[in-house]
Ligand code: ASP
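One chain is shown next in structure tokens, namely the form predicted on its own.
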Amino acid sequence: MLVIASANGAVGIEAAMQVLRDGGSALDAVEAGIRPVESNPADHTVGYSGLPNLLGVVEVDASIMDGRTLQAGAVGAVQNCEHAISLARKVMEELPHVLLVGSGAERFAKEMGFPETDLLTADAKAIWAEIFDTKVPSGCQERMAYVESIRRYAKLAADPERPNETVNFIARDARGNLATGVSTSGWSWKYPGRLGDSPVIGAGNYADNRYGAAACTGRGEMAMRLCTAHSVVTYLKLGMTLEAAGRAATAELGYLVDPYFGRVSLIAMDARGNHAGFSNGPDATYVYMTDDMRIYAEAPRIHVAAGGAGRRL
């Protein structure tokens, strides 16, 4: 049995492993691992205390996928829902759909009995205000002026020193089943309603028992354009080793034309339980835990330099 996660998943990985030790499924484990991250006020990239959008509103996204059945559920641009990963699982299990967004997802959350929670904390609001009240000229402080000035000011939000991440988990249970889960508050200061790769099956999340699983963090628009998570699994299907598959999918990012080109990292596991992390930026890590480990371990991701990064036509 094995659980791997992005580095910020460390606060939940032991809970995920305990689920597996107690006989729970891989799906149960990834949900149990992500929920503590969504509730962590020190993490401004996920759930409660996530950084808000352009208008100062926190919108969260999540997805979950069962590698045994290829069933999946996802939600996007959801307000006032702390545990988006659990809501995504409800979509998978209760509806004939895969993805709900915005007011529809919020309505469904109420129907499923999810409590409404104000996700904007004082700390997150202060970080948001720092950008708009000190760095953006006063003429653009009417938020909708961002439409005209997005090319000029979006790089403030894309500052690599600021949070722009996600939490993701992959679990392999005692029966060899795989599952993936992803949750995020998305790109800080994003345009309202923006969705990245996290709620998009194949882009930020994919699992297939036959071959493996992968999940992404970072600039979601890049992973969306290349279906990065699915690409890793496809390469495994074609017979590549896990390292070769991860390297190939990460290297592809360098071919994108993108003036906001940024870091994309991924974690991956093959059907036999081999695991690895990859990133187009240096010094990235991920965490993992097996059922015979007392505490989790942290490992470096393989750095794949993105040649041609940010190419322009």
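Since we're looking at a predicted model, the values are computed, not measured. The numbering used is simple: start at 1 and walk along the sequence shown.
One more form of this protein should be noted, the form predicted together with this ligand, which is absent from this view; the next part is about it.
**Asked** in the predicted bound form, do D66, G181 and N205 all put a heavy atom within 4.5 Å of this ligand?
**Response** So, no: the whole triplet misses this ligand.
**Prompt:** For the chain seen here without its partner, which of 115-123, 210-218, 171-179, 232-240 has a heavy atom within 4.5 Å of this ligand in the predicted bound form?
**Reply:** Within 4.5 Å of the partner lies stretch 210-218.
**Prompt:** Taking heavy atoms and a 4.5 Å cut-off, does R194 contact this ligand in the predicted bound form?
**Reply:** Contact check for R194: yes, within 4.5 Å of this ligand in the predicted bound form.
**Item:** W187: touches this ligand in the predicted bound form, heavy atom cutoff 4.5 angstroms
**Value:** Judged by the heavy-atom cut-off of 4.5 Å, W187 is in contact with this ligand in the predicted bound form.
**Prompt:** With the partner left out of view, is E165 within 4.5 angstroms of this ligand in the predicted bound form by any non-hydrogen atom?
**Reply:** Looking in the predicted bound form, residue contacts with this ligand include E165, since a heavy atom lies within 4.5 Å.
**Item:** Residues in 78-112 with any heavy atom within 4.5 Å of this ligand in the predicted bound form
**Value:** Nothing in the stretch sits within 4.5 Å of the partner.
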